[in-house]
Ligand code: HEC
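As a starting point, one isolated chain is supplied in structure tokens, in the form predicted on its own.
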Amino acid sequence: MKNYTTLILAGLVIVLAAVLIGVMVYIQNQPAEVRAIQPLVEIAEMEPDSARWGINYPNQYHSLLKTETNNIDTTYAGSSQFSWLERDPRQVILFGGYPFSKDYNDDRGHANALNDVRETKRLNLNDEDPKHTPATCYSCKSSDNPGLWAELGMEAYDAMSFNEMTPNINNSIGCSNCHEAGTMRLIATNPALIEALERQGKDWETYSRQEMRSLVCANCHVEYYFKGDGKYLTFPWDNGTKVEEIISYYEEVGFKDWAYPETESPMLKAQHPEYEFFTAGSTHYEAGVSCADCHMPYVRDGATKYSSHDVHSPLLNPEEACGQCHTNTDYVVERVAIIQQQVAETKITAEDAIIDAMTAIKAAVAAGNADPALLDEAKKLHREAQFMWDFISAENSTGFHNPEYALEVLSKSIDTARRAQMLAAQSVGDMSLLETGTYYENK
């Protein structure tokens, strides 16, 4: 009798297991929109109004709203819109002849992106001026963009002026910049990102969800430039995403952002290459950590767990941001402080070296008898040294996203700047140009 009971029980277990597996397979094979929780309201494709999305996802939306008022500074940056030109006057010199020498404020939170781009003094709103600000400058500032790119195409979008585009832009960065309506899956929305990946033989649709939790940040947090007369938004990734590879790309296409006054050095301005910097072999990236893990950590509201959309420095909430992996967050914060101090000090050393190089090149140009080949090479090195410095300076972590790489790039910047200074001195046979700090002594 016992044998029959055992067989019956075993049979029941097998049947129940088979049913459970069948149910799980059925659920897994249903379309995402069928499996998802039924929304309170339907969200239109590429809906620009994040408040509409917020009806279905109130925690995420209300945390996003906090980016408007979260203006807390950290030791080396933050979100209070302080002026880099006031904090580090060397940058007035470094960006001489370029609008960044007139106005260079640190970024505020996502909710302020639209207001901040409209208020910067770098804008040239005279559409009669060939150098007027293009609509391309709105590319990373608004949740209206995915719909506008779909409607107009990016080429037509970028060919418009900033003024012409303004009536179409009404919302700051929001849900449609990163999510697909209905499924809420993370997606690439910036055509420039999609095109850059395609030129590398990559398809973002094949990325895992964890990889997408960094890739969506690359819709905006990258190095880019405006290509050609149409100011077409382009990521310079064709040769790779490391700083030397980006410089080689710009060399090949003959691009410059501006010519430095009195030297005509063909200069480059780095944007905000967080994605390239973080993915260049950093410890956290190699460990599978995403941008969202640190900047949008999971938090709880009662029994509800969600990813906070109050995007800011993890130093402001280390227990939530770092504590998911690190048990001793006090040690983590101390370690960050040491790394950032070292990078910040090295960055200033690079700035001084670049200014010395620029000063020597100015003197060589003014002398009027410089060896053309040596002087041209000095200008080229000036361009490279400053872009390497700016690649670290404009990246929003003071080196922490990839500490070893930051110090490597800055050391190359210093060496390149000193070589530029040497060549400028040799071009006119004036070794006095090798003196350091001459710019400040002459002021």
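Since we're looking at a predicted model, the values are computed, not measured. Numbering starts at 1 and runs along the sequence shown.
Heads up, the form predicted in complex with heme C isn't pictured, but that's what we're talking about next.
Engineer: So which of Leu125, Ala373, Ala366, Ala287 reaches within 4.5 angstroms of heme C in the model of the complex, heavy atom to heavy atom?
Structural biologist: Result of the distance check: Ala287.
Engineer: Only one of Val343, Ile194, Met184, Ala353 has a non-hydrogen atom within 4.5 angstroms of heme C in the model of the complex; which is it?
Structural biologist: By the 4.5 Å criterion, the partner-contacting residue is Met184.
Engineer: In the model of the complex, does Leu64 have a heavy atom within 4.5 Å of heme C?
Structural biologist: Yes, contact at 4.5 Å.
Engineer: Spell out, yes or no, whether the shortest heavy atom distance between Phe255 and heme C in the model of the complex is within 4.5 Å.
Structural biologist: No, Phe255 is distant from the partner.
Engineer: Does the 4.5 Å heavy atom contact test between Ile246 and heme C in the model of the complex come out positive?
Structural biologist: No, no contact at 4.5 Å.
Engineer: Is it the case that Arg209, even though its partner is missing from this view, gets within 4.5 Å of heme C in the model of the complex, heavy atoms only?
Structural biologist: Yes, Arg209 sits close enough to heme C in the model of the complex that at least one of its heavy atoms falls within 4.5 Å.
Engineer: Heme C isn't shown here, but in the model of the complex, which of 308-316, 127-135, 246-254, 161-169 has heavy atoms within 4.5 Å of it?
Structural biologist: In the other structure, the partner sits against 308-316.
Engineer: Within 4.5 Å of heme C in the model of the complex, counting any non-hydrogen atom, which residues from 265-304 show up?
Structural biologist: If the 4.5 Å heavy-atom criterion is applied to heme C in the model of the complex, 265-304 yields Glu274, Tyr275, Phe278, Thr283, His284, Ala287, Val289, Ser290, Cys291, Ala292, Asp293, Cys294, His295, Met296, Tyr298.
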